[in-house]
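First, one chain by itself in structure tokens, the form predicted on its own.
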Amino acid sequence: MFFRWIERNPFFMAAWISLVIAVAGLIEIVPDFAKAARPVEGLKPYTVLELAGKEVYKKDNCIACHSQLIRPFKSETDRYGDFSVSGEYAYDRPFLWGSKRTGPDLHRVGRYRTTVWHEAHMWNPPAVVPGSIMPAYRHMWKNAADIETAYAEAVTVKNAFHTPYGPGIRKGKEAWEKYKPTVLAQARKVAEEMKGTEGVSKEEVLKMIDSGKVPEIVALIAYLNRLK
């Protein structure tokens, strides 16, 4: 009787159809949406060194020319790799999707570029990519990355968003001093993969790290290597 009455009343028939479609849509969409919003399997938070490198990336406005979002089109995936999914950005605050590509997308750059390539490219882009209009970033070898602020960011994100950093990430100057060798160890590992440039030798980079400072170029490369 109910369905016969519905069929005889166009307004209520339209309302009923809309309700059924809405409920069915929610049942279908919400579980997948919730799953997509979670970190993808195996994703880990950025290390403090990588966070420092991300700040260098933002400070020097790399986002003005490079995106970090691979669209689900064959022309994109053929060139850059798998298209990006939302769960990959779970620990990005902020995300750096970008909207302009004067240079290539960098979301998978860690898969096909090496530390040595980045080192040579940042020192003299046209020597590595003929015809490149990208400027050189040689100041990154002299400037020290702000790893202490990156650590403070990690502490804030851990407490505010429950990001699963290890127990060593805690508030306080003493906690930072205890954790700092971990950051320097990762920086040294990156620097040991470098070959040196015509202007700054590998030994000079290592010496700077041993003094307790991390060159911006090392932090940036650590961040770019993370993008996979």
Partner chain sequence: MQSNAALEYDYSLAKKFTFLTILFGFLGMLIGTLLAAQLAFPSLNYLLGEYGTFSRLRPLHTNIVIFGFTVSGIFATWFYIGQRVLKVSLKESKFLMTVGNIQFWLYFVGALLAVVSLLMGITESKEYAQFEWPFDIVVVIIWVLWGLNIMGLIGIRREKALYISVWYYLACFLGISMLYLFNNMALPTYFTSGGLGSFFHSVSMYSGTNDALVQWWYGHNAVAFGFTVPIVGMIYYFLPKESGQPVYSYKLSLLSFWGLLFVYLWAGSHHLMWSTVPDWMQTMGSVFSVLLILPSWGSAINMLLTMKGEWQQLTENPLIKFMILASTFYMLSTIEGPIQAVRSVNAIAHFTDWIIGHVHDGVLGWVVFMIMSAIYHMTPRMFKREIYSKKLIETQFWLQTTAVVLYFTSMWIAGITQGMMWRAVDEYGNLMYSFIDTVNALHPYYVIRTIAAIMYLAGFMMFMYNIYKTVTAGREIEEEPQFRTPIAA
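Numbering follows the first chain given and starts at 1. Note that the structure is a prediction, hence the values are computed from the model and not measured. By rigid core we mean the largest C-alpha set that fits within 1.5 Å across both forms.
What follows is about the form predicted together with its partner chain, which we do not show.
Engineer: Which residue, Gly166, Gly172, Gly199, Pro181, has a heavy atom that falls within 4.5 Å of its partner chain in the predicted bound form?
Structural biologist: Exactly one listed residue reaches within 4.5 Å, namely Gly172.
Engineer: Since only the chain is shown here, I'm wondering whether Ile63 would be in contact with its partner chain in the predicted bound form (any heavy atom pair within 4.5 Å).
Structural biologist: Although its partner chain is absent here, Ile63 would touch it in the predicted bound form, with heavy atoms inside 4.5 Å.
Engineer: Is there any non-hydrogen atom of His162 lying within 4.5 Å of its partner chain in the predicted bound form?
Structural biologist: Answer no; every heavy atom of His162 is more than 4.5 Å from its partner chain in the predicted bound form.
Engineer: Please run the contact check for Trp176 against its partner chain in the predicted bound form: heavy atoms, 4.5 angstroms, yes or no?
Structural biologist: Trp176 belongs to the contact set for its partner chain.
Engineer: When the contact criterion is heavy atoms within 4.5 Å, does Ala144 count as touching its partner chain in the predicted bound form?
Structural biologist: Although its partner chain is absent here, Ala144 would stay clear of it in the predicted bound form, with no heavy atoms inside 4.5 Å.
Engineer: Using the arrangement in the predicted bound form, list in sequence order the residues of 74 to 106 with any heavy atom within 4.5 angstroms of its partner chain.
Structural biologist: Going through 74 to 106 in order - heavy atoms within 4.5 Å of its partner chain in the predicted bound form - the hits are Lys74, Ser75, Asp78, Arg79, Tyr80, Ser84, Val85, Ser86, Tyr89, Ala90, Asp92, Arg93, Pro94, Phe95, Leu96, Trp97, Gly98, Ser99, Lys100, Arg101, Thr102, Gly103, Pro104.
Engineer: Against the rigid core, is the Cα displacement of Ser211 between this form and the one not shown at least 2 Å?
Structural biologist: Result for Ser211: no, shift under 2 Å.
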